[in-house]
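Listed next as structure tokens: two forms of one protein chain, kept apart as structure 1 and structure 2.
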Structure 1
């Protein structure tokens, strides 16, 4: 990041100086060389000067050389080689949400990347459909998620906190609502989070939540979603195992409250027109039951 800041400052400085020279020259010309009333005839006919041409070829050559060397060194600093090791995180782009996999622990979540603050993790980025692009401005560089061409990137977040980002490569109707949150935690919080996510939840056996569990298995939800510990294991939509622990739903279109989940279930297209989650035509009771079930998984 520091290298990048240096490069940026140099580039801005060079640009401002060049632009300044041109602007000042033009301003001077406008004042000094505009045709004044009473001036007659043609000015001195000047065809050029080889010396000047050489000067203003060589100076830009030097500037470009400096910029290029800075570019190379910064590129190496920002994007060090990944040393052929297994990634810590796999980020998979879907039309219009993110699947996050922690291969070591087997945890799968969506739309939120949890990180231990200060530790550098290697991410592998893939896409199952079209090209997406992972961009969290405060964490620096962005990188494309290209189908058939996995990419690698180091991510590190210095301080604990929430860093907001979005998909930057146009990927269809809901490209605008493909947001991502990077949540940097202290090492303890992070490992606590990871252990909790890796646990297999108990399916509620009583009450309205049990009702919801049944509905979830019966109507096609499980064709698209995963809930660990149940037959639902599809990855067309986000894993719902610990949905209740996430901040948002629909990759950032709604904050995650039971109310909003209910609204989403009734009509996803209302909040995310074009979203690939169909309107399942649920009754209010069914919705309430499913919401209770999804919330109960986190207990």
Structure 2
């Protein structure tokens, strides 16, 4: 973002200088060459000056050359090499949510990118269906996610905090509700988060949570979702491993609370019309059991 902002500031500064010169020149011409009282006819006409022609040709060329060099410098700073090493993060666009993969640790999460503040990471961006566009304004450039054509970008957050973004390329009915959160943490906090996410959660063996685990595996949930350490390993929908640790569900449409998870399970289309998650026609007892199971995975 700093490189892009720098190019913008330089361009604005050059444009302001040019505008100032033009305004001053026009004001001077208006005052200096205004028609005086008693003067008649046309003023003297000068039909050419080789030196003047060369001057006002070379100056724009020089300005364009400076902007070209600044742009090349910015491109070098912003565009990463795409083949010299493996990415630190893989961001995959789906209709209408984000899949986040950390290749080295094997961690897979959804809709939240955790990263260590101040460290520059290489991100590979892919799409599973249509063209999406990853854009977190405070962190810099927008970049398309194109099916079959991975793109690469550097991603870095200077300070710890939460940076909000969204898909910036119309991708279907719920394009506006394809939101993303980048959570920058200290190195220690990020390391703790990554270690925790990589740990296989224990499957509850007693109580309502155990009943929820059984229901989850018996109905179609495991055909779309992943929960580490269980037979559920599909990646059609978001990974639900440690779902309870995320701030939102439905790619930002609801705050992540047990009540909201229950509402989502009962009728996803009510909160995200067109969502590819079907209404499973669950009973209240089944919903409560599955919510208890998903919450217990974080214990």
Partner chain sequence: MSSRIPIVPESTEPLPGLGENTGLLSWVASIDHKQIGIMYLIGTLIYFVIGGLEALMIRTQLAKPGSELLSPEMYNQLFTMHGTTMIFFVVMPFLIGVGVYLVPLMIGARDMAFPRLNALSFWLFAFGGVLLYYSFFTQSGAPDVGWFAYAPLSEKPFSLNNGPTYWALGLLVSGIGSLISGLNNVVTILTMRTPGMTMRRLPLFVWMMLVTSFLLVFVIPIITSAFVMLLLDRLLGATFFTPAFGGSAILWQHFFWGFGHPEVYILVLPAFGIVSEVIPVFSRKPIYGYEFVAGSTVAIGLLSLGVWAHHMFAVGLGNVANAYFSLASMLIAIPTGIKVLNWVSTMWGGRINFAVPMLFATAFIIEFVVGGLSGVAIASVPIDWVVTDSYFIVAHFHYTIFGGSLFAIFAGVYYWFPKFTGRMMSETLGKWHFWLTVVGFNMTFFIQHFLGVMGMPRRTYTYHDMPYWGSMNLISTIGAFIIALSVLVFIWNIIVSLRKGEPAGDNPWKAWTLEWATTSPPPVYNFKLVPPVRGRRPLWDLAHPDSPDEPDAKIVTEGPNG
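Residue numbers count along the first chain shown, from 1. Here the structure is a predicted model, which is why all the values come from computation and not from measurement. Rigid core here is just the name for the largest C-alpha set that superposes within 1.5 Å across the two forms.
I want to make sure I have the labels right. Is the form predicted alone structure 1, or is it structure 2?
If we ask which form is the one predicted alone, the answer is structure 2.
State yes or no: after fitting on the rigid core, is the Cα displacement of residue 60 between the two structures at least 2 Å?
Indeed, residue 60 is displaced by 2 Å or more.
Answer yes if the CA of residue 276 moves 2 Å or more between the two structures after aligning the rigid core, and no otherwise.
Comparing the forms between the two structures, which are aligned on their rigid core, residue 276 does not shift its C-alpha by 2 Å or more.
Examine residue 39 after superposing the rigid core and state whether its CA is displaced by 2 Å or more between the two structures.
Shift at residue 39: 2 Å or more after core fit.
Please report, in Å, how much the Cα atom of residue 21 moves between the two structures when the rigid core is superposed.
With the cores aligned, its C-alpha sits 9.7 Å away.
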